[in-house]
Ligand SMILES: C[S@@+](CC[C@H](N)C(=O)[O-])C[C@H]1O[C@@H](n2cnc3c(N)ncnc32)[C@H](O)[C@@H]1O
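Here you get one chain, nothing else, as structure tokens; it is the form predicted on its own.
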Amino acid sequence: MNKKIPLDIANLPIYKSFKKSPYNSTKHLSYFHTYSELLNKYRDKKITFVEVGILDGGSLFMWRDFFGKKARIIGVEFNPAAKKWEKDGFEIFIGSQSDEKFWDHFFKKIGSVDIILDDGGHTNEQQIVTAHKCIPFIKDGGLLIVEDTHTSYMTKFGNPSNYSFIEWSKKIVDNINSRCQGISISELIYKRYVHSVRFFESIVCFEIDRMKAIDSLPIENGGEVFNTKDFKLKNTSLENAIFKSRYRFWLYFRLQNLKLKRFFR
């Protein structure tokens, strides 16, 4: 059923490419602004773009039109019927995205890529295994974009779960914050690749940049020092708690958490 498309979306180049595709593709309306924000800078560049999950092939043509003739468009699909799109100039790899050996073979043949967009099966295993195997092979300045992450909240995908893709993505937030001196909450390998994580409605984007994914150490600029007293704890119950007892220190944060609880509902 056709829906009325807001003018700001209808005028986006990515939406025009979506409509121009000769074959069926299904996308959420909210994705087009996100696509534009993340991907406009790659247009007309010599990039390697990989889409996981191509179904009827419509998105392959959308991406080729959007990125331009310089882009190398690769499709990954479990259904062998997708091989038919090779006649249209696309590279197609057949295999299961939850099979780690498939990805080993894929990157051995393809090498590093610029962007991977996961629009595959959407299960926790498929999304997490794909991210785990692909992140090390994304070039600096590149992206891993995972779509339809709302499945992390859907019972038919076995969620909510402590092992959903969204929960895993939160662990990556812990992981990159572990680059800060004194924080050792996560020693996963991704903090050496992932510079930042961006959350959108139903989309998570991992921005890869090894040069920026560095250990965070405090530094000073060498300017004049005045030994100014730090007032951040002045006249607070925490200031008294710190100096009186560990129990008061614990109690202060316990009471603080009770106040903050309403912001987490």
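All values derive from a computational prediction rather than experimental measurement. Numbers follow the displayed sequence, beginning with 1.
Although it is not shown, the form predicted in complex with the ligand is what the next lines describe.
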query	finding
Site check 169, 194 and 198: each within 4.5 Å of the ligand in the predicted complex by heavy atom	no
Listed residue that, although the ligand is not shown, lies within 4.5 Å of it in the predicted complex (heavy atoms), from 149, 159, 175, 126	126
Residue 208 within 4.5 Å of the ligand in the predicted complex, heavy atoms	no
Partner proximity in the predicted complex: residue 27 to the ligand, non-hydrogen atom cutoff 4.5 Å	yes
Heavy atom of residue 119 within 4.5 Å of the ligand in the predicted complex	yes
Contact of residue 186 with the ligand in the predicted complex (heavy atom, 4.5 Å)	no
Answer range among 216-224, 64-72, 36-44, 51-59 for contact with the ligand, defined in the predicted complex as heavy atoms within 4.5 Å	51-59
